[in-house]
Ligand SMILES: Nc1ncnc2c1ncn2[C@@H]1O[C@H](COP(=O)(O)OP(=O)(O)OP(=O)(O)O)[C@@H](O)[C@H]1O
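What follows is a single chain, given as structure tokens, in the form predicted on its own.
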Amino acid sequence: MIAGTPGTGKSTVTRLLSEKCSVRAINLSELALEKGFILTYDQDRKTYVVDEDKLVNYLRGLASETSGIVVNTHYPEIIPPDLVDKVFILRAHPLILEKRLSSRNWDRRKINENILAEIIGVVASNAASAFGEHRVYEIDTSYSSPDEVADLICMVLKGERALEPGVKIDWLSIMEPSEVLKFEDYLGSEN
């Protein structure tokens, strides 16, 4: 599984990993939309609410038919642990992430919500809780190309390179408090 907050490179890395490592790539959000596994649309967050049961049942069927699937998602914890071998959490420095999300013309609230999630490591923490730290690998994509990240993950999957599992990236330890508060201050704003 490839997971992380939006803007960390999941989609591009997953596509490249599919080509380089000969695995089937699945974007969980796109799959949910394509198959109609949607319960409703959350206007406040500007996102769909996924029918997790239907999505998981479909994935379970795919896993029984195919070997070598890589799933791209920002909510890894919905996948049952028995379907997951390794979870690669893509992380990006929050100030770099802000630029990436701003370039997508997202509204300020959505940008800040995702940056705060990255700062406190929500996706990594959820993955470690769901699958155990021994299956979670964090990769900083701030200054690496998607090709470099895909190559690294492919080497780990093939056993050609070791990567230390466990939650490791701590943006709070390297960011100034004023940088963190900047995102919190805007959270209620639509600017």
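Model, not experiment: these values are computed from the prediction. Residue indices: 1-based, along the sequence shown.
Beyond the structure shown, there is the form predicted in complex with this ligand, which is absent from this document and is the topic of what follows.
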Counting only non-hydrogen atoms and a 4.5 angstroms cut-off, does Ala32 reach this ligand in the predicted bound form? no
Is Pro165 close enough to touch this ligand in the predicted bound form, meaning at least one heavy atom pair within 4.5 Å? no
Evaluate Ser11 for contact with this ligand in the predicted bound form, applying a 4.5 angstroms cut-off between non-hydrogen atoms, and reply yes or no. yes
Just checking whether Val149 would be counted as a contact of this ligand in the predicted bound form - the rule being heavy atoms within 4.5 angstroms. yes
Counting any non-hydrogen atom inside 4.5 Å, which residue from Lys86, His93, Arg109, Arg100 sits next to this ligand in the predicted bound form? Arg100
Within 4.5 Å of this ligand in the predicted bound form, heavy atom basis, the matching stretch of 32 to 40, 122 to 130, 141 to 149, 57 to 65 is 141 to 149
